[in-house]
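Presented as structure tokens, the chain that follows is alone, the form predicted on its own.
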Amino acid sequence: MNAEIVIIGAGISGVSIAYNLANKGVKNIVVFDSEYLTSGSTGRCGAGVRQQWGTKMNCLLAKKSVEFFEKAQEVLQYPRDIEFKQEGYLIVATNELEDEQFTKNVLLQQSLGIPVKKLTPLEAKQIVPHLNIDKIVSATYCKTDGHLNPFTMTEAYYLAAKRLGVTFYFHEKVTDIIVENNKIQKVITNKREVQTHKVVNAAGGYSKEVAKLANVDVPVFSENHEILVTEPIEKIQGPMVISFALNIYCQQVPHGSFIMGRSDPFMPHSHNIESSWKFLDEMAKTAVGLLPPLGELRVVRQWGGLYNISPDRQPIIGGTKELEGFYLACGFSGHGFMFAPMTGLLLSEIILEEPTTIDINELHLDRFKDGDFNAYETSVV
């Protein structure tokens, strides 16, 4: 079996890359996934979409991805609603240091054309009336941020890619990548061998392990981040509410449930995706402190999912100088879902040696060789 390009991973990044390549006329694209569509981080994410970041690259990736999400249903000819709810993100500062950083962030974001504004606590309370403003000193708000259904959005890319001739193999694990004379020769799975000279690593939480198959070292690690969802109630909250210092994001989704998550600074690096009583306890305390009425809600379920984290909390997108034909889309640090449209477009441009829509030299793997990053993203939960 032969393939022009093999993509490893059928999360939203993998299907976006496949679609964009096929849309540019590439034939014989094969996508492998060890489980099923959205089985990894995509199907476990909080599915927020925001443009409010602290680094220029993340702002640009998010802004242009939002522009695609706004027209995705039409472009991808998807028969269902992708459920893109643009009711904003309200990001709250809880101390003076955060407040100063948010002032700088807003200036950066506004310079890039992102419609964000800085708010007083009282202005923030007008947007989210049940917000406990005793906890905050200021906030920022972008009305075009929002929330998107990860299952429908991924399926939209998947179906569009299939219509363009992309072949998908699910429940099929890549076990080896054969390299000879610094060139990829074949991909071996638990079911077949595929002759190819080009491989895209879009394996999410397993990106490091996939790269090792090709003897490429990628300085990323994976860790479990947990989420819970509540019973649905009548609508009381439009925007996603985030606090970096309090370590919380919280969104009421279209059917009425609240979905919320937080990180754990003591979480070991692993592929564990279990959920814990500790998370439930800490999440409840934080949520009720910031958004008191949520204390009346019953929790329906909770789960874990993998963040694949890079040293500077920005993605790694591009080829590798060490191995011809090996491309990376990893290290998204929990935000691969919202960057997926640009990930797919940019990587297709790189693979086809076209000018890129935006200059992403800063996102190349080589930036970590000397440990001299141009920017470090702090706006992460």
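Predicted model, so just to flag it, every value in this text is computed and none were measured. Just count from 1 along the sequence shown to find any residue number.
One more form of this protein, predicted together with a small molecule, exists but is not displayed; see below.
Although the partner is absent from the chain shown here, 40, 48 and 336 each have a heavy atom within 4.5 Å of the small molecule in the model of the complex.
Only one segment in the set 74-82, 165-173, 104-112, 292-300 has any non-hydrogen atom within 4.5 angstroms of the small molecule in the model of the complex, and it is 165-173. Residue contact with the small molecule in the model of the complex: residue 21 places no heavy atom within 4.5 Å of it.
Although the partner is absent here, residue 6 is not a contact residue: none of its heavy atoms lies within 4.5 angstroms of the small molecule in the model of the complex. At the 4.5 Å threshold, heavy atoms of residue 90 stay clear of the small molecule in the model of the complex, well away from it.
When the small molecule is considered in the model of the complex, residue 157 lies well away from it, no heavy atom lying within 4.5 Å. Among the residues 141, 244, 206, 258, the one placing a heavy atom within 4.5 Å of the small molecule in the model of the complex is 206. For the options 227, 214, 131, 253, the residue carrying a heavy atom within 4.5 angstroms of the small molecule in the model of the complex is 227.
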